[in-house]
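Heads up, the chain below is alone and in the form predicted on its own; it's given as structure tokens.
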């Protein structure tokens, strides 16, 4: 298996009325954060559940930590940690108690010192004896990661770890995930926040209708499918869009803003000068680089926002 922690080849999952996963292939390397992205119904949840041993594939091969997911579930389970999207801790257990209980549930013999170390890893030492019902949303997600770390797993499945958190708590979780990576953990991350995947992931696979439509590092995908610079004329409106079109400048109207895409870096300054010479009422002009969200929009045809699609 070498340095590949996950290997997927020709994976298929069919149901009577739908093919949820349609012949996908990818690898996850050791020590990598790999992000699987896609709109609802794309097949990513089914893929992750197959890798976690919760569903059997219809065809193809999936190996996790060298074990076939069909026959090696018990051996896989001993070496992975899972944070499900709908994780909620037991309200009347404290973090110290929850981690200890989880360890015993899966026959892991952990000392008080080991439990304290896990809690410290996720930054909950000061809240180790606080009932879970009194923890903030971000602290509860940290506790979920702490429970997933029981047994010192080689691989972590983090399913929507920051859903519902405020921006500050999200950034704190990003730091924690980055720290876990630095310590050698391999992480498979699913998220509806494309900026999160762009910030954290070494490698990204975008799924749509059961297939992988793009695969690579965030920067490579942006370069391949995004690229260039967008000049935003804030507040220029439909009149501004029409004025630019009349002068042969391709413009897109987004709400009350006008976007002008410049594919080559060397063309940005000349285009800015050209736009400045055209009298258009606006509130602001600025540039923005392409993002993973732009790539997703181009490939999937919609924006992804916390589990729903926005055209």
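Residue numbers count along the first chain shown, from 1. None of the values given here were measured: they were computed from a predicted structure.
Keep in mind that the form predicted together with a small molecule is not shown, yet the notes after this line are about it.
Q: Could you confirm whether residue 85 comes within 4.5 Å of the small molecule in the model of the complex, counting heavy atoms only?
A: Yes - in the model of the complex, heavy atoms of residue 85 and the small molecule come within 4.5 Å of each other.
Q: Since only the chain is shown here, I'm wondering whether residue 41 would be in contact with the small molecule in the model of the complex (any heavy atom pair within 4.5 Å).
A: It does: once the small molecule is placed as it appears in the model of the complex, residue 41 has a heavy atom within 4.5 Å of it.
Q: Classify residue 55 as contacting or not contacting the small molecule in the model of the complex by the rule of any non-hydrogen atom within 4.5 angstroms, answering yes or no.
A: Residue-level check for residue 55: yes, a contact with the small molecule.
Q: Taking the small molecule as it sits in the model of the complex, is residue 12 near enough to touch it, meaning that at least one heavy atom pair lies within 4.5 angstroms?
A: No - in the model of the complex, heavy atoms of residue 12 and the small molecule never come within 4.5 Å of each other.
Q: Want to guess which of 251-259, 59-67, 44-52, 264-272 is within 4.5 Å of the small molecule in the model of the complex, heavy atoms only?
A: Correct option: 44-52.
Q: Just one of 96, 142, 185, 192 has a heavy atom within 4.5 angstroms of the small molecule in the model of the complex, so which one?
A: In short, 192.
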